[in-house]
Every structure is written in C-alpha cells, then in structure tokens.
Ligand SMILES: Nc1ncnc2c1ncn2[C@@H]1O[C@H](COP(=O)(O)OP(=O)(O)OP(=O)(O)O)[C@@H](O)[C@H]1O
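Presented as structure tokens, the chain that follows is alone, the form predicted on its own.
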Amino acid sequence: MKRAIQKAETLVEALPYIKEFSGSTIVIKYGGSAMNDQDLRESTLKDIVLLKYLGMRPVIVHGGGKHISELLKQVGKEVKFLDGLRVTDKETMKFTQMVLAGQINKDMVSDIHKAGGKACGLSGKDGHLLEAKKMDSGSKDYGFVGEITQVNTELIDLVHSGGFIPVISPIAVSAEGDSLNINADIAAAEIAIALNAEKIIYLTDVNGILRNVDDPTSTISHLTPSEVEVLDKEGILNEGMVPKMKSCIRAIKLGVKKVHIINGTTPHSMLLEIFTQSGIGTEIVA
C-alpha cells in the first residue's frame, strides 16, 4: 500500500507540469546509449509515447553516428571528424543516408508502434523539410556537411494532426538536389526554432554539462547562454559538446524557452526532468 501511495503522490507532483506543457512542442534529440542499448531504447520511446498521450507534441530528431562509423569501418572507409563534425565525402554521404533515413529511422518508428504509440518516419529531404547549403568554413573542407538555411514545418504539423509522432533523420537537401549531412544537435535546434518549441531535450551519455569532465558528479545544473560562452572560452566544453552548445545558445536567443542536457542512460530521465521539481542534468535558459 505504501508503494502505491508513493506512486499516486508522484502523479500529483507531475500535475502542474502536465497542465503547463499540454499542447506544447518538445523537440527531443535522441542519440547515444539511450538509442543503442535495446532496454534503454524501449524505455525511452515508451516515455515519449507517454508525452504524446499527455497532450504534448514530441518531435524526435535522431542521430546515429556510432552506426555510421561501424558501417564505414566495415567497408574500409576512414572515419574523420573536424570541429566535432563528421567529414563527409560523396560515398560517405550515401552510407550516412542509408543508415539514418533507412535503418535507424524505420527501426525507431517500429519500436514506437510496439510501445503503443503512432509514429511517422521522415528525413529532412521529405517535403524539403530541411533545406541546406554546403558548410563553408574557409580553408576547412567538411565535404557534404550542410548548414540549414530553411526549415519547412508543414509536414511536421500534418503528421502531428494525424496523431503521429514525427521521427526525423538529419539529412537535408541542397538547392542543387544533393543530400547533405546535418549534425543532429544542430538540426534539433533549428527545427525547435522553426516550431517555436517550448523546450529541447538532448539525450546524452553524461549527466549534463560537467565542470570537470573527469568527475561525473560535477554537473552544472543551471546556465545562461552567456555562462555557456564563458565555459567554452575556458576550454571546459569538449569538442563534441561545442556544436551542441552553439546550437543551444542560438535556440534560446531565437525563442526556445529552455534547453535540457540530460543523461539518457538514466531510466526515465526525460520524465524526471520535465515532471519533477528538482529535475536532473543541465538546463539552459535565457
């Protein structure tokens, strides 16, 4: 009986948050171990289905870097990164699209249906959802890595209106019709801006932004964009975190109310962050 009462108390604690966020758009950048571990994957997707049934509008933007790297190694392709972004030649782009828009995207859609929800898999090329140009950084050559120029949200709205959860792979299309690889963190932020989202949740393999990368307990619970920029200048952010943080700052400055960096390996971490007073991980607010 005591355990049942505790469960009821948890539901009561969540009530004001359910009321506040009902009808709100929440963009979830899904990747890392939360996506690669089958048990965590099933748990996370059930949580997202719950958000949908509670009246929210979840939008999933997924990565798949580990799967892409594994396939490239199998076919004898070198894996290169520059400034935290995957260097993508034409052949690598074909493999990237195959993994992201094919294997991962469709597996996630299937898993959401198994969890009791409804999902529709999209790539950024569908309906020209994500339009982009090749990233230009002077002497640095990223290959077919894109910089988003336009997010067309009509297809996302249509999917939501049918009661489906949009599951988006970060492949964009250029004006010339080329496929471009978009960093999933950046894609999530740009989609959130275009949808005027309430918040973005980044599922990572760490407990948020750490003051000391060697100390998993050194999580910084609350930051503003200016404080994030100071951390970057101090060299506290690792290479992979830099594009994520730049996209977070841009999202906050352009209207997204809150960004959460949480550990997706913690069971139900999203629910703990959204529906409890204490929350977990790092939140970034204006």
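No experiment lies behind these values; they were computed from the predicted model shown. Note that residue numbering begins at 1 and tracks the sequence as displayed.
Unshown form predicted together with the named molecule; subsequent notes refer to it.
Just one of 110-118, 172-180, 159-167, 203-211 has heavy atoms within 4.5 Å of the named molecule in the predicted bound form; which?
That would be stretch 203-211.
Can you tell me if residue 40 lies within 4.5 angstroms of the named molecule in the predicted bound form, counting non-hydrogen atoms only?
Output for residue 40 is no: heavy atoms all beyond 4.5 Å of the named molecule.
Residue contact check: residue 255 to the named molecule in the predicted bound form, 4.5 Å heavy atom
Contact check for residue 255: no, nothing within 4.5 Å of the named molecule in the predicted bound form.
Proximity of residue 241 to the named molecule in the predicted bound form, heavy atoms at 4.5 Å:
Yes.
Indicate whether the named molecule has at least one heavy atom within 4.5 Å of a heavy atom of residue 190 in the predicted bound form.
It does not: once the named molecule is placed as it appears in the predicted bound form, residue 190 has no heavy atom within 4.5 Å of it.
Scan 69, 33, 224, 221 and let me know which has any heavy atom within 4.5 Å of the named molecule in the predicted bound form.
Only one option qualifies, and that one is 33.
Within 4.5 Å of the named molecule in the predicted bound form: residues from 50-82 (heavy atom criterion):
Those in contact are 63, 64, 65, 66.
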